[in-house]
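In structure tokens, the next block holds one chain alone, the form predicted on its own.
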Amino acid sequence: MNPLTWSFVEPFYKLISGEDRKGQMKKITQMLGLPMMGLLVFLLLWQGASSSINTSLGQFPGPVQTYQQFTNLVDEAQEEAVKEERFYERQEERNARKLEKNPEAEIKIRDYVGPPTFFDQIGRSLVTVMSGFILASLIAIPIGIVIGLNSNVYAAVNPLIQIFKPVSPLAWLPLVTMVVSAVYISDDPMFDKAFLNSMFTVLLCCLWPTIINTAAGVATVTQDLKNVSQVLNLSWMTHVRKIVLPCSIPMMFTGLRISLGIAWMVLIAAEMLAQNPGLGKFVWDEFQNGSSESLGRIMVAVIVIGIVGFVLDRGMLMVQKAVSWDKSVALR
């Protein structure tokens, strides 16, 4: 059984078997009872506050109204899926009749171009943020290792890091947009420019925390381990793989988690600002729409953004636990 699954099931198993029932009840309360209580208090406060707030679009949505809008978004996605399925069915029937009359006739399959659903927007944002994050990590981790191992390289690169680290990624967005428009010219592009604009903006915000924390992790390698490497006459690459990486993984993943969290926040803002497809554009479109349902839909998006950010962070923590020699990493 997966260690994470067992840590969840263990208190219930021990409680049923009669082992330290008082202690197991305390663990279950901490694991489930207190979070559920905190969530219930939050929902009550949310409902109470929303009932007393009236906006130009109507009353601020409470939990019930937000849930209703979520179900509406689910229904709309299902309806759109049915439309897409029927669209392709009609094409197949038309092409079949065409081939029946003329077996050598040229047939075409057109792509469905219906409006993206809420869940399509979620998928688009996830693909964008993970593409930018992975590409940034592939760049930042080697740089962090090199500057952590070589003080001269660190002295040369550090001023650049300190200058560009405080710059808001959204300040890069106009420049990124212009560069992509000027450089990425193709009659049959593999990626649309809106995707590249958002992805490179995410990349720029992911670089600095990962570089800094990776370099700090490399610096934690003790002199004793360095001496062992010298005695064994390890090559530079073997030294990095066997000595440096295992020691620097905790700090490295701290940087990766910070980078991913910042990337998710920045992406939503970039999609709103540049009107690129994704959750950010969904929020902005609903705000501009100004219907009585818009506030509820925006609240759905806000909650989904938070849940996705939480899941991404938990995922990174699980990856850290899987690759780290220290299996006691706490999922907090």
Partner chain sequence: MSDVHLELTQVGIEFPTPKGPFRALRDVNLKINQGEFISLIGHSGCGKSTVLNIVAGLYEATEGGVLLDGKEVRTPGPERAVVFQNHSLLPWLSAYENVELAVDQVFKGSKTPAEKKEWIEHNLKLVHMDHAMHKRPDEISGGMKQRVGIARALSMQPEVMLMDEPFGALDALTRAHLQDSLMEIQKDLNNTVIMITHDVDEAVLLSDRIVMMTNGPAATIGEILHVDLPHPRDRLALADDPQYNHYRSEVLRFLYEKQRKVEH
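Please read these numbers as outputs of a predicted model, since none were measured by experiment. Residue numbers count along the first chain shown, from 1.
In what follows, reference is made to the form predicted together with its partner chain, a form of this protein that is not presented.
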- Item | Which of 207-215, 240-248, 168-176, 97-105 sits within 4.5 Å of its partner chain in the predicted bound form, heavy atom basis | 240-248
- Query: Contact between Ile161 and its partner chain in the predicted bound form at 4.5 Å, heavy atoms?
  - Reply: no
- its partner chain contact in the predicted bound form: Ile185, any heavy atom under 4.5 Å: no
- Examine Ile258 and determine whether its closest non-hydrogen atom to its partner chain in the predicted bound form is within 4.5 angstroms. no
- Query: Is there a heavy atom of Leu225 lying 4.5 Å or less from a heavy atom of its partner chain in the predicted bound form?
  - Reply: yes
- Heavy atom within 4.5 Å of its partner chain in the predicted bound form: which of Val231, Ile109, Val113, Met190 fits that? Just give me the one. Val231
